[in-house]
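This document opens with one chain alone, in C-alpha cells, the form predicted on its own.
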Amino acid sequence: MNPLLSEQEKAARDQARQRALELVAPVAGSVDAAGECPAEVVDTLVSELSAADEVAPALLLALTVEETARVSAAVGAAVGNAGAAMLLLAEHGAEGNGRAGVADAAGVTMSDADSVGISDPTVMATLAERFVVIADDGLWQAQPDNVEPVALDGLRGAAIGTVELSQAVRIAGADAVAGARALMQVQQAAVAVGICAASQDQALAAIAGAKEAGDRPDRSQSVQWALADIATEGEAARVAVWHAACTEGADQGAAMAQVLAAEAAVGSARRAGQIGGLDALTAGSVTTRLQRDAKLTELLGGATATHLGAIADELLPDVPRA
C-alpha cells in the first residue's frame, strides 16, 4: 500500500482528530497535572478502532494515536498500548473480557517461567486487567500479580508502571513476535509524531500571538528555519510511520520509524520553545509539557540506541554488535 492516505484513510484520520478534540482536549491539562489516566476516554477511543473496516488496523491505530497525542501525548500513549493489545488479541483469536495492555518481555522465554517481572516502565501497567506479553518464544496472555506505579517527568497520565505477571497462556508462536514488536514500535512512533504536530501548533500560535502584540518574529530567518525544520522532520517521521504500519512484518521499517520520530519529537519540542521564548516555557505550559513528553519517546519501548543496534544487525548480519 502507498503510504499516502486514501480518501477513506483521510476520513478516519479526520474522525480521530475530531474525537481527540472532543474527548481529550478538555482533560489534557489535568491529566498532566494530576498524572492520572482518563480510563473511560482511553476505553472509548480504543473501542472505536474497530469501526473503520476499510482502513488497515495498524494504520488506523497509528492515525488515532497521532491525533490523540497531538492533544495529549500521555493519553495517546495509553490508547496506543491498549489498542495494540486489542489488535493482537483479535488477530490471534484470544479476545476476552477486561481492559488489556501490552508488556514486552524481551529476553524471556515464557514457557520456562511460572511468572515474569517486567522491570522496564510499561504504559497501561496500572490500568490493564490482563496483558499480552511479547516474549522471545511467542505471544502470551497473562494476569498481573503485582503492579508498581512509576512516576516519570514525561507522559504523566499514561498509567506507567512495572508489572509482575503469571498464569500465562500462549496465544501465538515465536513467528508472531517480530510483527507484534513492529506494531508496538509503530504506535510508539505515532506518539512522537503527535508531539511533532503539537509542537508545530504551539510554534504557530506563539508567532500569531507575537504579531497581535506588534512583534513580527515571522520575519526572522532563524524563526522561519526553525518552523520549517519542525514541519519537515515531523512530516518525514509521519510518512515513515504510515509506511511501517502499511507494510506487513516491517520490523526494520518500524524500528527506523521509531528512531526518526523520537528524534523529530525532541527537536520539534525544543524548537517550539525557542520560537515561543520564555513565555512558552513557564511551568505548566503546553510547550514545557511537550519537551518532557518528547524525551520519554526516546526511552519507552526501548532506548533509541537499542533500535539503532537492531537496524544495524540487519544491515550487517555477519558482524557482532559493538
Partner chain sequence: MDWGLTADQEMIRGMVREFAEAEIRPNAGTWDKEKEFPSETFAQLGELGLFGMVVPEEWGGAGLDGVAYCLALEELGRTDASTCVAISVTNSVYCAPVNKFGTDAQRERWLRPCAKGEWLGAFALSEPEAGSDAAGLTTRAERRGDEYVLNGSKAWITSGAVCGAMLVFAVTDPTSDKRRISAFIVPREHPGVTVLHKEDKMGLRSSCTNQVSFDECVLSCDHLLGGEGDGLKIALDSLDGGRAGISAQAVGIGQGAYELARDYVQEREAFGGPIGRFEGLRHELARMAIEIHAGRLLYLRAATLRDRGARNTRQAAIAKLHASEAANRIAYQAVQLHGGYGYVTDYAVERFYRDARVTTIYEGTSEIQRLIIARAVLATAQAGTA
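Numbering follows the first chain given and starts at 1. Everything numeric in this text was worked out from a predicted model, so none of it was measured.
In what follows, reference is made to the form predicted in complex with its partner chain, a form of this protein that is not presented.
In the model of the complex, every residue of the candidate spot (218, 308 and 311) has a heavy atom lying within 4.5 Å of its partner chain. Remark: of stretches 161-169, 231-239, 88-96, 123-131, the one touching its partner chain in the model of the complex is 231-239 (heavy atom within 4.5 Å). This chain lacks the partner; the member of 280, 266, 52, 256 within 4.5 angstroms of its partner chain in the model of the complex by a non-hydrogen atom is 256. Although the partner is absent from this view, residue 224 contacts its partner chain in the model of the complex, with a non-hydrogen atom inside 4.5 angstroms. The closest heavy atom approach of residue 262 to its partner chain in the model of the complex falls outside 4.5 Å. Remark: residue 62 does not count among the residues lining its partner chain in the model of the complex, judged by a heavy atom distance of 4.5 Å or less. For residue 70, a non-hydrogen atom is located within 4.5 Å of its partner chain in the model of the complex, even though that partner is not displayed. Residues 200, 204, 207 of 185-210 are found to place at least one heavy atom within 4.5 Å of its partner chain in the model of the complex.
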